[in-house]
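Form predicted on its own, single chain, as structure tokens, below.
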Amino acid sequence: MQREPRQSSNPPTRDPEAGIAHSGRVGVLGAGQLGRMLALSGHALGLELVFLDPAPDAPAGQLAPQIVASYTDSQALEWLAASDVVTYEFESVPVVAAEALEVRARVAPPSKALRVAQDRLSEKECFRELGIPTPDFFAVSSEAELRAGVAELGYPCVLKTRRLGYDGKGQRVLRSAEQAALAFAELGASPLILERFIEFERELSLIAVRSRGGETAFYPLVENHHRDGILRLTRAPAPGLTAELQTLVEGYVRRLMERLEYVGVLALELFERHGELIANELAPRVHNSGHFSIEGAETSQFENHLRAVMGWPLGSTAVPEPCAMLNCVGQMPSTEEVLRVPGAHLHAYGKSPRPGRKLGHVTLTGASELEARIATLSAMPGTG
């Protein structure tokens, strides 16, 4: 086993003298905090996880072997392919890497899910084809197309890069012709999509998982609160959730997973407006709004993802009682202060502080006085 895995560009290898018996190896593209949490769940299941990420200080590499190389490095991909299955922990890995791996290994979710999720236009077209409500949209590659789209949608509307936008990056709300011209000047070097602005009442998401054999399981819809484009708080289940609303969204996600021949965890983010649900975007991976499941659900999203890609039975997605998750952004709160709050569980990602950077999260279990405890945590630096 590599003693300094984060510094190595050599293949991680099993050490026959270590006496460690593994029930399987999972290769992972990306070694961020989501990979770190996959590693923690994988260890509990007796799995060996091996990561590929060009960043030598990636969070998952602190816990498991990491190949430090480009995602398209042919030798690194060859090493990663020597796994029972390969997965990914974020959707911005190059599709060509997943496609190259599919020739030599089982990849889950499949590369087609990456292709759809990486391009907002393809994503919206997929929603429309499957009858999933989504905001009206137009592809934009010129100022003339932007003007035509604005004339159709009216102000306000939202201009977004089609690729690589997350946590509020790569998008502008347009409220005037002047703002539209400025936004195109800032973003127009990349292919764009213009979307109708949705005056929503709240943001929701559904975390789902599908096995190799097509078995599906769904966590309850959750309510998400963002600031500056970054998720700050998730309540699970969403307050006021009805069986009808849950069933409706499960139907949407089931269509997506069947179309994409999906295996693993998938998240669908939605807007709720006057009782209507409008799909915003999908994430073909474990998701920030599913972190509540680590302590709040009978089986976490991370364990269920590994169960699914390994071909094992899925675990229960039941959430016994209301719970919450708060992100730690920019700085970490005092560990001692967090742990004084009943039912609080702190998860640090091993990342250096930086404004706007997700450094950890707190899950909060126990329905008693849940809102009061959320307020206490929200008053701490980094969690507000």
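The structure presented is a predicted model; accordingly, all values stated were derived computationally and were not measured. When you see a residue number, it is the position in the sequence shown, counting from 1.
In what follows, reference is made to the form predicted together with adenosine monophosphate, a form of this protein that is not presented.
At least one heavy atom of Arg196 is located within 4.5 Å of adenosine monophosphate in the model of the complex. Residue contact with adenosine monophosphate in the model of the complex: Phe90 places no heavy atom within 4.5 Å of it. With a 4.5 Å cutoff on heavy atoms, His226 counts as touching adenosine monophosphate in the model of the complex. Using a 4.5 angstroms threshold between heavy atoms, Gly149 stays clear of adenosine monophosphate in the model of the complex.
For the options Ala100, Cys126, Leu314, Val158, the residue carrying a heavy atom within 4.5 angstroms of adenosine monophosphate in the model of the complex is Val158.
For the candidate set Ser83, Asn288, Gln171, Thr216, a heavy atom within 4.5 Å of adenosine monophosphate in the model of the complex is found for exactly one residue, namely Gln171.
Stretch-level contact analysis of 243-251, 139-147, 302-310, 273-281 against adenosine monophosphate in the model of the complex, using heavy atoms and a 4.5 Å limit, identifies 273-281. The candidate spot formed by Pro237, Glu321 and Glu369 is out of contact with adenosine monophosphate in the model of the complex: none of the three has a heavy atom within 4.5 Å. Residues from 111-142 that approach adenosine monophosphate in the model of the complex with a non-hydrogen atom closer than or equal to 4.5 Å are Arg120, Pro135, in the order they occur in the chain.
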